[in-house]
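As C-alpha cells, one chain now follows by itself in the form predicted alone.
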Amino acid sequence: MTSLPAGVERREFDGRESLATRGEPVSGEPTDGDWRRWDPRRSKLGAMLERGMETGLAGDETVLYLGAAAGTTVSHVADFAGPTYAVEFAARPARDLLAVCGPRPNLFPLLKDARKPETYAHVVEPVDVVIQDVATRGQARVALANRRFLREDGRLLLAVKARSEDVARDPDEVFDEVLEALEEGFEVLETRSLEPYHDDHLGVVARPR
C-alpha cells in the first residue's frame, strides 16, 4: 500500500479503519483522542490517498489549496503540512473556512478567485504542492494559471470534476480533454478514478514541465 504522509495515519473509528489526522474537529467527525477521521467521501484528496495514488506527499510541505470551500479537506492538509494557503471565492463557505483557520496558525485563508492568481500572487510563496478541487469549467486552465507558484520539483494534485466541465458529455471524453490541456505545462504522472468515493471524478498527479 502507498505510504501516507507523516502526520496521517490509519486509525479505528466506530469499528472501522480510516485515515486520520491530529487536529481540531471541524464538522463533528469521529475522534480518537487527538486524532479525527478523514472521510474520503467528503474529500477528493482523502479519496486519492485511499485509492493508493502516489501523491508525493511526505508531510510538512508548503501547500496552495485551490477551492478550499468550507475547509473540510484543507483542515486535514494543514494538520500535517507546513504553511497552507487556502483559496476560496464564495463568501458563504469562506466564513466557515475562517473558523477552521482559527486553531491552525499555518492555515491562511484567501477570499480570491483561483482563476485569477495574479490577485494573490503577492501573498503566496513558492509551494511544494498545489491541490486543486475547483468546480468550474476550464479546470486545466486553472491549474496552468497557478503553475507559477510550484517549485520545479513540485506536484499538482488535481481532482477533475467531469460534470463541472460539461454535464452532458461522457466523463471519459472530458477527462481526456482536460489531460490533453494539462500537457501544456505539466507532465501527468498518474491518473485514477475516485470512485466509489466520488462519481465522475478523476484524480491526477502531475509535475511541472
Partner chain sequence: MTDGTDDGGAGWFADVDPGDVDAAAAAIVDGQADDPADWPRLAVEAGFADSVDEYYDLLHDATVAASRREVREREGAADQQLVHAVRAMDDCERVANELAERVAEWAGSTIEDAGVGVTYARQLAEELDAGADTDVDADEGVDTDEGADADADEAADTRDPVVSLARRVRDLDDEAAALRAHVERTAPEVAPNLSALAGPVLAARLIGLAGGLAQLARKPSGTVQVLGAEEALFAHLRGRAPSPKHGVIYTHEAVRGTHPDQRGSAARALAGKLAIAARVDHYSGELKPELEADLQDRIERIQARDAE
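Keep in mind it's a predicted model, so treat the numbers as computed, not measured. Residue numbers count along the first chain shown, from 1.
Note that the form predicted together with its partner chain isn't included here; everything after this is about it.
Within 4.5 Å of any heavy atom of its partner chain in the model of the complex lies no heavy atom of R41. At a distance threshold of 4.5 angstroms between non-hydrogen atoms, F80 is out of contact with its partner chain in the model of the complex. Of the heavy atoms in F149, some are within 4.5 Å of its partner chain in the model of the complex.
The closest non-hydrogen atom of G138 lies beyond 4.5 Å of its partner chain in the model of the complex. Partner contacts here mean any heavy atom within 4.5 Å of its partner chain in the model of the complex, and among 162-170, 175-183, 22-30, 66-74 they occur only in 162-170. Residues of 92-113 placing a heavy atom within 4.5 Å of its partner chain in the model of the complex, in sequence order: R92, A94, R95, L98, C101, G102, R104, P105, L107, F108, P109, L110, L111, K112.
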